[in-house]
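In structure tokens, the next block holds one chain alone, the form predicted alone.
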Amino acid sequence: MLENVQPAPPDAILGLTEAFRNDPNPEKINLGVGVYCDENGKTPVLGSVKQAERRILETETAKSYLPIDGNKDYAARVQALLFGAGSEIIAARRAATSQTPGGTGALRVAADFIHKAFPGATVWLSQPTWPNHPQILAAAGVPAKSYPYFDPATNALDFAAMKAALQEVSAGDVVLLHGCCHNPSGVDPSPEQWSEIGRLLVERGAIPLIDFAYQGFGLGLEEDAAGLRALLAVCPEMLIASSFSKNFGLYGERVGALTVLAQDAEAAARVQSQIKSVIRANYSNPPMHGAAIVATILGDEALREQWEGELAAMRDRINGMRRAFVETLAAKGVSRDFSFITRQLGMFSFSGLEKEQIERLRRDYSIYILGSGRINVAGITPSNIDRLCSAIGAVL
């Protein structure tokens, strides 16, 4: 049987990373994979994480299974970040959180739950979106449609087209929204637009699924939650898939969460029972270490202060590289206006580069960018920005 299995096509992002690794050019640049890099091109382990790990190793007494829905302290810290400390949602127990293996795990659990509980539902995705979104939904047997989002002519949100498409959403459908730092465009709605989106979904009888993977990477922890909080003010129900890969640098620990928001505590408990059933049939229960790190840091005033400072430094580096990238391109004589990149948020931006130019950057300069033109701004460093901008000027 196995002799007849055909190879799967390479993943668009991870396949590019593999090609980058195999490139012998010592000056190669990887702007494809979504991983934060410091000014030396390395993905650091945060000092707050190291301190938390030492504390965990000194005090842990067992390696027993966690409950199906994971670390309870972790779940409480996740909800405080999402909803704000002292939120009415938390006090009324309208939300239930399950620890998951990364944000991807949260999205897959959400997709399996949607397939099981709402077999007639379609999930609507922004155009463009993270390339793994449609794959996750397809693997769970959930149909998907798309709504317009990014306007390449203006390098901004096409809100009118987005609203028009969402008017076609059917009652019982699910609309996936990027909570902040939209991947791949870096373009987010304003708080007022978020509120309008929420009201529209309520009118249509649809439920939002928020992919919230970059809190703190745009403008700040509270600022990046503004869109989610605007939705919370008008939407009585939603699903939220969150991740700590980026803002804690815990990529390899796979630390995520799926939070369900219902109209009351009883409904939240019923939904959570179904979520736990899905998890049990998938990976049974989550790993311990990464969630313990997050819970330890968020539960300790000094460690949290240190982490917030480290997060601010990562955010400031990304935003600084956005400005430097635009300024260096202009200094190289590039006439095209790239100033839109300074107005976008998070690690990603659409560069506007065409497929042929992207292929030439890879072939002639060992610069790796996704075929869509998405660049990871965090992959730009003081040591490679001059070469990068010279190469982009050449292919333009």
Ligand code: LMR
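The first residue of the sequence shown is number 1, and the count goes up from there. What you are looking at is a predicted structure, and each value in this text was computed from that prediction instead of being measured.
What comes next is about the form predicted in complex with the named molecule, which is not displayed.
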Practice task
Please name which of the stretches 47 to 55, 359 to 367, 64 to 72, 32 to 40 has residues with heavy atoms lying within 4.5 Å of the named molecule in the model of the complex.
Solution key: 32 to 40
Practice task
Spell it out for me: taking the named molecule in the model of the complex, does every residue among Ile13, Phe348 and Arg374 have a heavy atom no farther than 4.5 Å from it?
Solution key: yes
Fill in the blank from the handout: Picking from Arg108, Arg315, His178, Lys246, the single residue whose non-hydrogen atoms come within 4.5 angstroms of the named molecule in the model of the complex is Lys246
Exercise for the section: Only one of Asn183, Asn319, Asn155, Thr296 comes within 4.5 Å of the named molecule in the model of the complex by heavy atoms, so just point that one out. Expected result: Asn183
Practice task
Examine Trp130 and determine whether its closest non-hydrogen atom to the named molecule in the model of the complex is within 4.5 angstroms.
Solution key: yes
Handout entry: Interface membership of Phe217, the named molecule in the model of the complex, 4.5 Å heavy atom rule
Key = no
